[in-house]
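Structure 1 and structure 2 below are two forms of the same protein chain, each written out on its own as structure tokens.
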Structure 1
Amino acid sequence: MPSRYRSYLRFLGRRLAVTAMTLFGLMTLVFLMIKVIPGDEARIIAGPEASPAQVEAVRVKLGLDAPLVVQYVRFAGRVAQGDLGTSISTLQPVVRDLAEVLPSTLELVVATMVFSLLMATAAALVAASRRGDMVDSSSRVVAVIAGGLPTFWLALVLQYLFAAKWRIFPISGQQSFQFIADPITGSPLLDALLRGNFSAFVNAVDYIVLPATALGVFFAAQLFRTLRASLISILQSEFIVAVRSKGASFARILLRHALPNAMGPTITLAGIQLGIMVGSAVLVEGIFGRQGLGAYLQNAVAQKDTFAVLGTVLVIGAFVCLINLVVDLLQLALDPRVRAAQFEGAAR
């Protein structure tokens, strides 16, 4: 329907404008944060052995002597052109650094989310359909405990048990040496798929199982609890009784009516989780020796690498905004009521 198509586009335009505003605010915030906190950037960049004159030279060269407003305008101008500055620890443009580490983190995050969603949905469907019985009770106990396990600790325990002790999975890294090839996307998992190399894919899966599990358990537990709660509340609602009074089987009620209606809050949560997951990747990337965004950020913070930190935070912020947009579009596609509210709102 062309009018609905236009409504989608108008919605997208409006949401993109909001996203741009948010990103702009974010950039400002991060810039101020870096400037306001103590510590002399010029001295750090010039290095601990630099003479005061050398520090001054660096300051002038990088424009750090200009008033804050001027620095900000210059900075914003560069960011608009896709230039996030140069990292002082890798001596490369931050954008290039990020391009190297991002695929690894995205691979981890996406794999973790797929794993978490599958686990949570399967468990929630079983638990909600057998509400109150032993399967339900025990899955709830497991979920409560899983939701309280510290991710970094779980990573250490899994690594110790499954890699060091029982040698089921590799200890660290992203793929075995013999499979390393020129990166296409930078993600071993995706590259192996693109090349159609099955054993390389299995190998990459082998490497990602432990980090994805360690990272995913907490999120899967949250997703399970949310989906189970909404499934149960939907199953108690009056329209389910109405569907049943038509003679529908329980499987049909659960899969055709309850699940689609219950997915809304879960999708919203999964969107929020993706952002948090990128942050939490810091915790497992170090342990499992993955060269990702988290490891990069941790290093940048330790080195007080201003532009690297700024760039990373902005990229993560942009990622979160993108996810929010995707979630909104999904909700729009899934729920006609959201569609009505949004599209009517758009005309205002």
Structure 2
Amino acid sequence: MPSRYRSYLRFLGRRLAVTAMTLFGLMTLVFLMIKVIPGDEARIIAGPEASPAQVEAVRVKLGLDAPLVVQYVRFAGRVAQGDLGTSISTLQPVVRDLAEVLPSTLELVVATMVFSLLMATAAALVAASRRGDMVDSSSRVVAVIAGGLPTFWLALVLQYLFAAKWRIFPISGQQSFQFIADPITGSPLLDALLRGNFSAFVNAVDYIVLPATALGVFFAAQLFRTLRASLISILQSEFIVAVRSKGASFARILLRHALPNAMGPTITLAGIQLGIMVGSAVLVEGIFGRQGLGAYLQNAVAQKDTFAVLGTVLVIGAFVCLINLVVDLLQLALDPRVRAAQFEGAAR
């Protein structure tokens, strides 16, 4: 096997080992935290009217009478087999619950990423083309402010202004009652497209605008700063001078030559943000009443549903780790400097 491929395999092995250790630590931490939350899981499952004997029978049936270490080992063994346990709230496997709510969260994350990229790209093009003037300075100030706004606060402000006060967008939910139908994928936008129902699609868009905006402002500010810096650097490079000497217009130089070459670092950052967005979406979903991972996790915590909480956190953690791994592999494949640094470090 060529040494280059061996280096790739060693790099992939190291990253997979780090990912596995990260998920193991996350699983352990959340398991211990959920156990110290006040409340008796057996009592919650059996109901408030259950007798002590009934509560004890439930405890024995679920293995909650075993020592904490034994409970953890049993749970870790099931997770290794792809079994996240059974939810005490829905009385069905956690994996099935997550498969039902995850598409709604991914829909919000994708919409947020599209919004962030569009806003950041438009603002960065304007700022880079007018470097140093009032427009550029103002855009940088706005980006700093936007990057410092708490997401939950911005969500509440948008909800109050655009939904409660001005009634431009719906205040909560993810689809109007008349458009609700048996889910195909669990994503209202995608389901409406699959059914060919344009009215339902527009309705679902109305419901996702405010959540995506509240979630995307912070990420758009970060993407803007990265893309603006890359554009300015490329516009000052020698090959742009050569293109300009051939008589190309500034708009053509900016859109045809500078922007494609500046998108590399921005796409890398967007990939990293994609994983973070899944975790951040949980809070926004709760505020806007979307039936995704956020609502499922809130209900699981309130019910002290250990397996549901652990399963949700592990899925979010796995998604973040997977996205980071993919981004690292893309950087390794596309950037010779990253390959040199990684392979040289592995050789030492």
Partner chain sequence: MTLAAVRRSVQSSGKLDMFVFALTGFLIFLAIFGPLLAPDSIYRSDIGNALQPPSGAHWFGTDDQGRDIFWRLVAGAQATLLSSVLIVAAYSLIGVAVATIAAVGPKWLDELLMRITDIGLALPGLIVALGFAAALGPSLESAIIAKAITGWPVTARLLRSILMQTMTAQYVVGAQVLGASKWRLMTRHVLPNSLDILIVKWAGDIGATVLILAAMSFIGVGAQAPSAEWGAMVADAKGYVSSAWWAVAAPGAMIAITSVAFSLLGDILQVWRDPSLRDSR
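In this text, the rigid core denotes the largest set of C-alpha atoms whose superposition between the two forms falls within 1.5 Å. The first residue in the sequence of structure 1 is number 1, and each one after it adds one. If you're wondering where the values come from, they're calculated on a predicted model, not measured in any experiment.
Asker: Return 1 or 2 according to which structure is the form predicted alone.
Answerer: It is the second structure (the form predicted alone) rather than the first.
Asker: Would the C-alpha of residue 81 be classed as shifted by 2 Å or more between the two structures after rigid-core alignment?
Answerer: After core superposition, the displacement of the residue 81 C-alpha between the two structures reaches the 2 Å mark, so yes.
Asker: Using a rigid core superposition, assess whether residue 296 undergoes a CA shift of 2 Å or more between the two structures.
Answerer: Moves: yes, 2 Å or greater.
Asker: Using C-alpha superposition, tell me how many degrees the smaller rigid part swings against the larger one between the two structures.
Answerer: About the hinge, the smaller body moves through 25 degrees.
Asker: By how many angstrom does residue 327 shift at its CA between the two structures when the core is held fixed?
Answerer: With the rigid core fitted, the alpha carbon of residue 327 is displaced 4.5 Å between the two structures.
Asker: Given the rigid core as reference frame, how large is the C-alpha shift of residue 20 between the two structures? Answer in angstrom.
Answerer: So the C-alpha of residue 20 has moved 8.1 Å between the two structures.
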